[in-house]
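First, one chain by itself in structure tokens, the form predicted on its own.
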Amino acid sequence: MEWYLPVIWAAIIATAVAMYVMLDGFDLGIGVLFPTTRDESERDVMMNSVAPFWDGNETWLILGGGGLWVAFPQAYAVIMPAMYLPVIIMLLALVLRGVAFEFRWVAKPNHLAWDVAFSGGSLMASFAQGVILGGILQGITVKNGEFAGGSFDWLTPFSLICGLGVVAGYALLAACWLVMKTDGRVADHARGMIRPLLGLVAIAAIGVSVWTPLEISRIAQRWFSWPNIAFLWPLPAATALLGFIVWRGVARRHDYAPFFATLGIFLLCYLGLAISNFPYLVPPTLTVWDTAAAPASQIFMLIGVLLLLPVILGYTAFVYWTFRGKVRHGEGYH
């Protein structure tokens, strides 16, 4: 087997997941923040700020999941039965909030049920994504190349902390997005939530960073052995610096710096997880090479991805450019 094909596919899937987290994270976070205000006009502006983008953002989730299925079928066959329940909850929650996007406007002024659906669906989808992340990080029981654990192995304090951390992270992204995309009361309300949410994200990130090397020796070896530590220490330092930029951006009432610095924090945390676990796709037993599809299948699908990826990037850039600028009361996609 060509050694580079699984690496290329791992990079494609990692990129798709990173794009999904960055782009869909803030619109899921809008739903998480929905209950923080009962003002009808503020809720309309919050929803309008993401209405043109949310469905396109979820394209990256399909690319990541579909890519895992076709390029690493054995990893897909192990991860899915290990995570059936949180995956099903996540998908149902995404459908619920997607329907709420459309029906909330039609049902006005009697749309309380759709407000609950939008907020509850966003919260459950975010939490489930964090639980799935934690469940994979803590390891999946595999024997003879197949899943050999129980249906609730994922349900641990660590995975629940990861779930809460992702909810806080998406809420932080959403607050920074609202500061950047809105003004007036909505922006002021969002600005006031950034620092507390940043503190929650820092607690979750530190908890995961301490727990994983203490419990998993291969991760401790990767981060704290020489010369790895000399190359890797800038990663947490840069994360702390970006956190400071977010904090200072709030104090100086910057519109853009908190959002892009928060995106940087997400990317650095994601890079740290990748460094901790590569080449394992199913920690701690199956690598990208163990679970790869036949080279002919990977090459065939790679051609399709190379043709479609510019299209996805193109329409994503087009939509964000078309709907650039601030969203104000009374303005919206609907």
Partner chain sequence: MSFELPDSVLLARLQFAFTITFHIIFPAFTIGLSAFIATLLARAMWTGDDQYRTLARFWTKIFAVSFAMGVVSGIVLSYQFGTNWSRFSVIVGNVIGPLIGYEVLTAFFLEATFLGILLFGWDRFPRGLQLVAAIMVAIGTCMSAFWILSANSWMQFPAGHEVRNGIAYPVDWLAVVFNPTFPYRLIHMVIAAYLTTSIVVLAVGARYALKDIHAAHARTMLRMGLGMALVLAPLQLFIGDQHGLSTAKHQPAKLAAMEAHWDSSHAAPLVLFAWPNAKTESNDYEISIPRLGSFIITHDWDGRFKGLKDFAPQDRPPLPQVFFAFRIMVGVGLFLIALAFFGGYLWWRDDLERNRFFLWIASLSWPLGFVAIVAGWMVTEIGRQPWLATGVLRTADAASPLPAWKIAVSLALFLLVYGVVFTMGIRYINRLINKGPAGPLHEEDDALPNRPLSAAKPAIQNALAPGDAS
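Since the structure is predicted, the reported quantities are computational estimates derived from the model, not experimental observations. Just so we're on the same page, rigid core means the largest C-alpha set that superposes within 1.5 Å between forms. Positions refer to the first chain, counted from 1.
There is also a form predicted together with the partner chain; it is not shown, and the following applies to it.
The contact residue chosen from A107, A238, I216, M193 relative to the partner chain in the predicted complex is A107, the criterion being a non-hydrogen atom within 4.5 angstroms. The putative spot formed by L63, V95 and L308 is fully lined by the partner chain in the predicted complex; each residue has a non-hydrogen atom within 4.5 angstroms of it. With the partner left out here, the partner chain still marks one of 155-163, 134-142, 195-203, 107-115 in the predicted complex; by a 4.5 Å heavy atom cut-off that stretch is 107-115. Contact between T15 and the partner chain in the predicted complex is not found at the 4.5 Å heavy atom cutoff. The partner chain in the predicted complex comes within 4.5 Å of a heavy atom belonging to Y76. By the criterion of a heavy atom within 4.5 Å, E102 is counted among the residues contacting the partner chain in the predicted complex. Within this chain, S225 is remote from the site of the partner chain in the predicted complex, having no heavy atom within 4.5 Å. After superposing the rigid core, the Cα of I62 is displaced by less than 2 Å between the shown form and the other one.
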